[in-house]
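Read the single chain below, which is given as structure tokens and is the form predicted on its own.
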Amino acid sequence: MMKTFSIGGIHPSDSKISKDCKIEVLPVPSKVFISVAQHLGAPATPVVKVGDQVKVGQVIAEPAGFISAYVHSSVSGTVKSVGPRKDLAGNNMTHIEIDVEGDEWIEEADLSDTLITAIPEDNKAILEKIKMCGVVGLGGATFPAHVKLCPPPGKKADCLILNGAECEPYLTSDYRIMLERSKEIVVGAAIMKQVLGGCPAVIGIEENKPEAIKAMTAAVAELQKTAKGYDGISVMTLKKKYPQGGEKQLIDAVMGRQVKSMGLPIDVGAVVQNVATSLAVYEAVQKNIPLITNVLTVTGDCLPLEKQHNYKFRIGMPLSYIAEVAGGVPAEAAKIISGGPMMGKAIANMDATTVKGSSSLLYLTAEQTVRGVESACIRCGKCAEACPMGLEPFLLNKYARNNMMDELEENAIQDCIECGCCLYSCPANIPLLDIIRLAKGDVIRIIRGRVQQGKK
């Protein structure tokens, strides 16, 4: 039997309408606005000023803490402003505005299509390059990759897991890079595997992506025959079940190990990276190309097939510009989502710009977004059956509505991964995800405050 995680999960429709749309390169707009907050942790600190000339790949903001990342210019041109601009949610965040002038890259960048399979031997130099190139996790959390690849003292990686599940409905960007950049992804996996001490590496892909499984399996086999350092890499076919791509769920499926409450993957010997992150590692280490591009999907049931796209974009492109290039926002679209329909966020500002982790412009119709009328909880338990973290959402809902913070913490609301399985499963149309997400934030703030007081 194909492996999957052992607790909860649901089976929403795939809706992978854009899966056969090859990756297209988006033309560069006349100006970009690059956020300094494109990663988990502290926003980066700008190191350029108005009037400076910059090249593609040049550092324009430096990390402001241990959990932070370098930000690079995605274009060449002149810095026009450094200041606040509204992000996806409409909140002000520092952006660096650059007027585009040509396409001049940093000299060390290798823009050729030549595949480089020889892995450098100096692991410290590899990690430094990953750090300097601003590589972050591209599976959603955007955690700085170099930090994840350096287990703390006393911890050891038993397995590197590459997430190729892409379990969110509609999204197909990871699927396309597994088809079109499969060898580069495998090289990136071998690099990370070496840095972690040579542990096995498993590329997990759901069964509903047979072409990706075939492409990645062939890439692994070819590199194992023709190059050194690729032993111990394999492809695992996983059962289709949401949220298969969740970090803890993937570890359960691949390794059969469960991460404890508030624990980290490395606690059970796992390091999880997305396939897009592996591609970014390849480009950073083998090509000296910083993380300034990614692939996003433009999709939705209200779009005809010819307007479905998988675009390679540069960071800092306005979403309104991408929508225009793709053919415009369809009249039937009532809501636009960044990410998938389960865990994505509604876009409040189409003038917001792409960041490293941007994954989609998903158009949803009014029919798809309207919520049913909420009724009383009947204690059917469907939300608990669906929860992949083993929580009891109906109970958390009760505690949250009554502001019972101690009870929420005791029942591990802080472990919620906000996957939406409870909301999807509730026959009473109770907005469980919204209520639990807000209460989770309050509980985490209480926990952090308690930890800080303890340190004092």
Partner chain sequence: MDKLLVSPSPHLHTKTSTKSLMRDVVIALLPAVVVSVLFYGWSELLILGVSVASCVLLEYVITRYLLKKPCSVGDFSAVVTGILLALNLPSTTPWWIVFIGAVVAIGVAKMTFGGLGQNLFNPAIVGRVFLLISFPAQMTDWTRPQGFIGGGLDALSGATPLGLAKEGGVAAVEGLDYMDMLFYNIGGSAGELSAIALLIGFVYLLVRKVIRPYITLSILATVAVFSGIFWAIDPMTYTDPLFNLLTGGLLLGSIFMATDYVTSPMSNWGGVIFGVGIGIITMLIRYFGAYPEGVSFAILIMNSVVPLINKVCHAKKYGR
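Everything numeric in this text was worked out from a predicted model, so none of it was measured. Residue numbers count along the first chain shown, from 1. Rigid core here is just the name for the largest C-alpha set that superposes within 1.5 Å across the two forms.
Here the subject shifts to the form predicted together with its partner chain, a form of this protein not shown in this document.
Checklist entry - So, 43, 49 and 64: all three within 4.5 Å of its partner chain in the predicted bound form by heavy atoms, or not? => result Checking in the predicted bound form: none of 43, 49 and 64 is within 4.5 Å of its partner chain.
Item to check | residue 394 within 4.5 Å of its partner chain in the predicted bound form, heavy atoms | outcome: Contact check for residue 394: yes, within 4.5 Å of its partner chain in the predicted bound form.
Next on the checklist: Can you tell me if residue 199 lies within 4.5 angstroms of its partner chain in the predicted bound form, counting non-hydrogen atoms only?
Outcome noted: So residue 199 does not count as contacting its partner chain.
Next on the checklist: Under a 4.5 Å heavy atom criterion, is residue 420 part of the interface with its partner chain in the predicted bound form?
Outcome noted: Contact with its partner chain, yes.
Next on the checklist: Taking any heavy atom pair closer than or equal to 4.5 Å as contact, tell me whether residue 427 reaches its partner chain in the predicted bound form.
Outcome noted: Looking in the predicted bound form, residue contacts with its partner chain include residue 427, since a heavy atom lies within 4.5 Å.
Checklist entry - Among 128-136, 185-193, 381-389, 94-102, which stretch has residues with heavy atoms no more than 4.5 Å from its partner chain in the predicted bound form? => result Every other range fails; the passing one is 381-389.
Next on the checklist: To verify the annotation, which of these, 370, 305, 111, 118, has a non-hydrogen atom within 4.5 Å of its partner chain in the predicted bound form?
Outcome noted: It is 370 that has a heavy atom within 4.5 Å of the partner.
Next on the checklist: Only one of 80, 257, 240, 287 gets a heavy atom within 4.5 Å of its partner chain in the predicted bound form. Which one?
Outcome noted: Only one listed residue qualifies here, and that residue is 257.
Checklist entry - Looking at its partner chain in the predicted bound form, which residues in 1-17 have at least one heavy atom within 4.5 Å of it? => result The stretch touches the partner through 7 alone.
Checklist entry - Rigid core fitted, then: does residue 23 show a CA shift of 2 angstroms or greater between this form and the one not shown? => result Result for residue 23: no, shift under 2 Å.
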